[in-house]
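Below you'll find only one chain, the form predicted on its own, shown as structure tokens.
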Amino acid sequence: MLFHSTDFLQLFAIAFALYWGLRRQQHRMIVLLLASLYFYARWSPWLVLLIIFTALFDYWIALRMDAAEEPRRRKRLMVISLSVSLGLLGFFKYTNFLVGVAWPGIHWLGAAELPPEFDIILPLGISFYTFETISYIVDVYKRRVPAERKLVDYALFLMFFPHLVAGPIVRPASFLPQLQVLRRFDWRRLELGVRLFLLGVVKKAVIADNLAVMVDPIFADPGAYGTAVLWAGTVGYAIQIYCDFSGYTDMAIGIAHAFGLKLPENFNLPYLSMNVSEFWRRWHISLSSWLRDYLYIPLGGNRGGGFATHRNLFLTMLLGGLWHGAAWTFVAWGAYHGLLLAIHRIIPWPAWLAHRALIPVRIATTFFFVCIGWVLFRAQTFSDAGLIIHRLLVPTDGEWLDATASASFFAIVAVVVLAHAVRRFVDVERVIRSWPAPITALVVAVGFYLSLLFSPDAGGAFIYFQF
């Protein structure tokens, strides 16, 4: 059930009407929880039991841990919870990958030449809600937050349908307190939510889905194309994944605003970053900050000297790559960014590089290295990735895009560049607030109509649904 589908809009309309029609906060929370369960069950009616189990188990563990005074008992309960959460994630997401890694040794002992393939369905959003429940258990253990007494509120923290499938990854300290406040309906906040939702629809349905029509055939058969087309496909994918994922985030944040709730920002013009470290402060912010707080810092962070810092950065990004998918290409993508971050820290960059005149060069250089990383992320095999990267760097002839695809690509790139420039130099929110209400309503209506008009007939699921 995609956010911009008719089925979802019907679910939202019913939940919205019931939510604001009720006067007791706990009744409103029950409405949102039931809507969230229905939303998830539409994807997988059986696997919804898995997330219900996760919520019940960690709710119980956190209460027992909060009541325990003995440090060893508290730590034991935390380890049990983390083991169950990571064990479930490992089973559903990494079983076939780990079997494939171990199989050469097993084959040497006399097993069949090819490893078995287990038909395991990946539960939707398991990577995201696993990280959320881990942050909750760790924060309760460290007494950053108290254990939540209301089961409905904790379950909603984990299952709230706007962020359930692909984030943003919410933290208990910022989200749970919001569930305690009985809010009044706010037209301005609803307007903001509608505008964010529309922005997300445009990014996903108009830009990302149209780029997918061009990008997917290129990555399916990269050997058929030359340098120019492969660069178009690589840049196209960089824009596609950004608009697809940030579009989901915009829609999720907009939906949450409609219910008077706030989700964290997840993107901040990442392709305008001037170095890779800044890129990771702007891209998938909720994941970057989670990896920093729950992996990088526990590994030692920047304590222990330069070597330890670079090792911790590298390991954090390596595991961050593996979090994205059970494939060596994702591991390589994480290792690549870990290496870039370490190099950025190691090299004593000269002060003159910070000159304003060189800002475009630094942005372009960072974008170049990010795009090389996206090849590893998107390619189906290492062989394909190696071929693409080689042809990106060494001029090669091959097939060309047809005139329609080329025109569509350049038009989309121009629109995205212009939108970034406007967002960077214009206070768009202030301008919109100055418009009369009828003008705002007209712009929103036209925006939705154009989204329907220019979106391809067969728009796909969000890219991050597979993670």
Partner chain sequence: MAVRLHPGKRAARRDRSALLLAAVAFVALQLGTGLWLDDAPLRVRHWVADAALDRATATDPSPEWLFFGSSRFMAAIDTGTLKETIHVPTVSIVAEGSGIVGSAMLLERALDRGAAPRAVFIEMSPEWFVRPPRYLDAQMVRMFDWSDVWHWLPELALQDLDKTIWARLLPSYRYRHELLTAWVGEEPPYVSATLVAASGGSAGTPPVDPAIARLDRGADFEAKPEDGARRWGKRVSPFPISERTVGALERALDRCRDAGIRCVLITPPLSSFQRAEYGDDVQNAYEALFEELEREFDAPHLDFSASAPDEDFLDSSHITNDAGERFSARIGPRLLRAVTGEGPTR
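Positions refer to the first chain, counted from 1. Since the model is a prediction, treat every value here as computed from it, not as a measurement.
The next section is about a form of this same protein that is not shown, the form predicted in complex with the partner chain.
Segments offered: 26-34, 63-71, 433-441, 413-421. Contacting the partner chain in the model of the complex at heavy atom distances within 4.5 Å is 433-441. Contact annotation: Phe454 falls within 4.5 Å of the partner chain in the model of the complex, judged by heavy atom distances. In the model of the complex, the partner chain sits within 4.5 Å of a heavy atom belonging to Arg188. Contact annotation for Ser408: at least one heavy atom lies within 4.5 Å of the partner chain in the model of the complex. When contacts are judged by a 4.5 Å heavy atom cut-off, Thr365 does not count as touching the partner chain in the model of the complex.
Taking the partner from elsewhere, no residue among Ser273, Ala308 and Thr381 has a non-hydrogen atom within 4.5 angstroms of the partner chain in the model of the complex. Site annotation in the model of the complex: the residue of Gln178, Asn96, Asn268, Thr396 reaching within 4.5 Å of the partner chain with a heavy atom is Asn268. Comment: the partner chain is not present in this chain, but in the model of the complex one of Leu341, Leu192, Val145, Leu318 has a heavy atom within 4.5 Å of it, namely Leu192.
Interface residues of 22-53, taken as those with a heavy atom within 4.5 Å of the partner chain in the model of the complex (partner not displayed), are absent.
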